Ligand code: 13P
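We begin with a single chain expressed as C-alpha cells, specifically the form predicted alone.
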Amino acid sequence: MSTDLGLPGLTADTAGSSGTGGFAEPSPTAAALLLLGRGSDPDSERGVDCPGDLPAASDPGLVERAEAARAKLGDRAFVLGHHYQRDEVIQFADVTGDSFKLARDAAARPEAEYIVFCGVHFMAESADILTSAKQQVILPDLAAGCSMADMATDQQVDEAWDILTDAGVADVTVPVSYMNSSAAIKAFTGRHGGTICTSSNAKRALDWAFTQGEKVLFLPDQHLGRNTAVLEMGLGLDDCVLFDPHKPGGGLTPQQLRDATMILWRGHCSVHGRFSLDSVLDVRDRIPGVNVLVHPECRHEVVTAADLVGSTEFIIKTLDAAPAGSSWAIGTELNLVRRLALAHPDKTVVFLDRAVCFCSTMNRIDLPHLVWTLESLARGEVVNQITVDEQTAHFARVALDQMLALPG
C-alpha cells in the first residue's frame, strides 16, 4: 500500500528504497512540502506576487509559455541556473554552475540586457556587482534568500569588530568571508582588508590572510572555516573559537579572542548542517564499499568520516570520473544528488541522509515564477531587479578582486 505524500512520484512505500534502475528518493519529512516552497506557512513567501492565472508547474502549457517568452527575449536575456535548482528550472538555463561561476558568466555576457538568476539573493547581488551598469539582474522570487547568509548581518558583524577592537586583536585580524554572504558582508570584508573565498579556494584564501595578519575572522560558515583550518592547514580544533553574535561578547572572553587563531562565526548551511555522523555510519552499513563524498559545509565529524570532501564542482567532476559499478553516497543538496544519479545510471548514487533535504530557499525559484519573470521581461516590464548601492558594491568588489588576485 502506498501513500501519496504530495511530492511528484514519491510515495511512502518507495521512498528511501535502494537498488538499481533509478534514483531512490529519501524518505519525506513533515516539512517536505514547505521545503519545496509549497507549504501553508503565511510567512514563507515574501516579496512577489505570482499571477493567479499561472497553471501548476506540472502543466505542459507552462513549459510552452516559458519557451515562447525565452524565444521572444532572445539574446537580450541570459538565464543562470544554480546546481541546486529544480530540473524544471534548470532546463531553461543558458549556463549552470555554482554561485561565483555564474556571476562571472554573467559578467562575460555584456550584450545581455537582462540577467535572470535562478539562485538565491546573495548570488544575484554578486552578479549585480560584477556586471555592467547597463545590465539588470533579476531574481524570479525575492523570497529566495539563504539562511546561512542571513546568519551574519552587517550590524552584527560591525558589533563583532568592535568587540575584537576592545580585545586588542582587530589590528591583527583579517576577515575572510565565504561567497555565501550578503553584499554588505562582502563590503565589510573589503573595507577591512580581507578577501572572499569559495569552497574551492578557501585554503588559498586563508594562506593569504595569514600573510597579512595573525588571526582570521571567518564569515559566515563555521564548518567551512573549521574544516579548512584543521584538515588542510594543520591547525588544531583548540586554535578555533566560535563567535556567537547572539551572546554578549560573542560568548567569548577577551583572552579567548587573544589566544585564538581562527575566529569562526556561528553560521551554517541548513542543508549541509543536517548531515550527521550517524548518516555516514548508516550508509556504510547499508551499502558495503560505498564511497562517501561530502561538501565542506558539512559538520567536522561528517567531513572527517567521509572518504572525499569537496565543492559542488568537485563533487560533479568526481562522479563523472568514477568507474562504472562504483557506489557513492553524496552529502549535498538533494536536487543535485538526484540529477547526478540520473546522469550516471552505471553507478549507484544515493543521498547521504535518509530524509528529504532540499534547499528550501533555492526551491522558491519554480517554473511559475520563472515564467512570470520571462513573460514580464518580454513585455518590457522589469520585475524583481536586484541592485547593490554604489558604496557597498565598491568595497564588495575590492574583496572579490582580492580573491581573484590570490596566489595560484
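The first residue of the sequence shown is number 1, and the count goes up from there. Note that the structure is a prediction, hence the values are computed from the model and not measured.
One more form of this protein, predicted together with this ligand, exists but is not displayed; see below.
- With the partner removed from view, the residue among Gln156, Thr96, Asn291, Ser311 that has a non-hydrogen atom within 4.5 Å of this ligand in the predicted complex turns out to be Ser311.
- The listed set Phe275, Tyr178, Phe243, Phe188 contains one residue whose heavy atoms approach this ligand in the predicted complex to within 4.5 Å, identified as Tyr178.
- Exactly one of the stretches 283-291, 300-308, 256-264, 96-104 approaches this ligand in the predicted complex with heavy atoms within 4.5 Å, and it is 96-104.
- Mapping the unseen interface onto this chain, Met123 counts among the residues with a heavy atom inside 4.5 Å of this ligand in the predicted complex.
- The shortest heavy atom separation between His82 and this ligand in the predicted complex is within 4.5 Å.
- At a distance threshold of 4.5 angstroms between non-hydrogen atoms, Met362 is in contact with this ligand in the predicted complex.
- Though the partner is left out of this view, Ser199 does reach within 4.5 Å of this ligand in the predicted complex, counting heavy atoms only.
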